[in-house]
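Okay, so here's just one chain, in structure tokens, the form predicted alone.
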Amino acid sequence: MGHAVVAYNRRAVYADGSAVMYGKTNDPSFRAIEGMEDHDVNSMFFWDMNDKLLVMLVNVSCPSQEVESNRLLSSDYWGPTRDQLRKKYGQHLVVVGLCGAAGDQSPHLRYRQAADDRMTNLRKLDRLQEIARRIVRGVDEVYDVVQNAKEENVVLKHQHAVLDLPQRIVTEAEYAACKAEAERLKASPGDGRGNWNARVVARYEKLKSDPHPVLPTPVNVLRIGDTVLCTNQFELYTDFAIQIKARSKAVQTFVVQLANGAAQPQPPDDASEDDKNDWHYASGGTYLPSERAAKGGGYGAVIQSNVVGPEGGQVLVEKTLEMINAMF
């Protein structure tokens, strides 16, 4: 375990209790950053039998979206991170970047930006290189120690399960608001918010035939030695990962989000077009917010952003911990 400040909680809370993703922090009504940040850099190293370093797994709880607004294909901060690691450890090195639970996190600075920019400029780096510098330093401090603690014969166990997580139930008020918004946006077919709201309307109407809907979601837990890696398909809020890490019997726990995808690779052949659209939405990495985030609202925590809500997130935590702790 190393550390690097890469992620910042991106949800600002205001005096009226509301929360806004990327909300202004210099607003007079700004009161707090909503949730936790996880600055762990979890690393795992693999050598061959001749002591040649082959692979690094690097687990950072931050999405790689520093340049998300640019119109280009980019590996974001993982590009310069790999470049810097290979420069030091060899061009043959495979670097596997694993995104930790970071549904409410971002590499974008939320405050003290002027001071951070000044330090980056003094180092003659751009923002991606600065993030990479921090991650590499976190990896280096670990490697300096663990290169002398190699293990040849380690416990290797794997469990896979498909969990039925309770879906977030659409309320009558949410249904009415989303229906009105979807109708309003019909005049703007290029505006994706119409479908965003229409999906909520469809979910509410399906409650008549299925009042307790669930989302089947795959989870994998892999034990390697005294460490475990556990996966989920969501943009999982960091609160849930901290619960898993705190209660895991493993010495070190890598939580990996946006992995696996749907339990069912394709919608049924006889599904309607509406059902297919709903399936594709639910099968991807939708946000899974904490309870306090759902209360604060805002993008990422409103019903339009979620198939599974805080209740389902707690089920995910408990079931994942059962799988982890059964391995020890």
Partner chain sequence: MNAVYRVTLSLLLVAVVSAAPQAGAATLYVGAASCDITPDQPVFLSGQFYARVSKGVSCPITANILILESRDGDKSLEQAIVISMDTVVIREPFSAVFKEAMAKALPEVDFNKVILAATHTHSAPCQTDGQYESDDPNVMQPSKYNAFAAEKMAAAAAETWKNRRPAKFSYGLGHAVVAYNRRAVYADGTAVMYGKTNDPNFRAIEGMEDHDVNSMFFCDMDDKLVAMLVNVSCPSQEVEHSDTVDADYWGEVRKGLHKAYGEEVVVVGLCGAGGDMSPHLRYRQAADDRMRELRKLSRNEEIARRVVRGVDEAFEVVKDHKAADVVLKQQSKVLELPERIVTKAEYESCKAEAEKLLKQAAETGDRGARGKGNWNARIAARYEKLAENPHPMFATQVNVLRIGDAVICTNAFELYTDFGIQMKARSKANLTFVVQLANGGGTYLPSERAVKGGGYGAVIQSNTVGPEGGQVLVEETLNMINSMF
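This structure is a prediction, so every number in the text was calculated from the model and none was measured. Residue numbers count along the first chain shown, from 1.
Keep in mind that the form predicted together with its partner chain is missing from the display, and what follows is about it.
**Q** Determine which one of 106-114, 176-184, 197-205, 80-88 lies within 4.5 Å of its partner chain in the model of the complex, judging by heavy atom distances; exactly one does.
**A** Among the candidates, contact is made by 106-114.
**Q** Could you check which residue among 157, 160, 92, 118 gets a heavy atom within 4.5 Å of its partner chain in the model of the complex?
**A** Selected residue: 118.
**Q** 214, 251, 96, 169: which sits within 4.5 Å of its partner chain in the model of the complex by any heavy atom?
**A** Partner contact (heavy atom, 4.5 Å) among the options: 251.
**Q** So, a 4.5 angstroms cut-off on heavy atom distances: do all three of 75, 223 and 319 pass it with respect to its partner chain in the model of the complex?
**A** No: no residue has a heavy atom within 4.5 Å of the partner.
**Q** Does residue 300 reach its partner chain in the model of the complex if we count a contact as any heavy atom within 4.5 Å?
**A** Because no heavy atom of residue 300 falls inside 4.5 Å of its partner chain in the model of the complex, the answer is no.
**Q** My question is simply whether residue 40 lines the interface with its partner chain in the model of the complex - judged by any non-hydrogen atom within 4.5 Å.
**A** Heavy-atom contact with its partner chain at 4.5 Å: present for residue 40.
**Q** Heavy atoms within 4.5 Å of its partner chain in the model of the complex: does residue 128 have any?
**A** It does not: once its partner chain is placed as it appears in the model of the complex, residue 128 has no heavy atom within 4.5 Å of it.
**Q** Please run the contact check for residue 235 against its partner chain in the model of the complex: heavy atoms, 4.5 angstroms, yes or no?
**A** No, no contact at 4.5 Å.
**Q** Along 242-259, which positions have a non-hydrogen atom within 4.5 Å of its partner chain in the model of the complex?
**A** The stretch touches the partner through 242, 243, 245, 246, 247, 251, 252.
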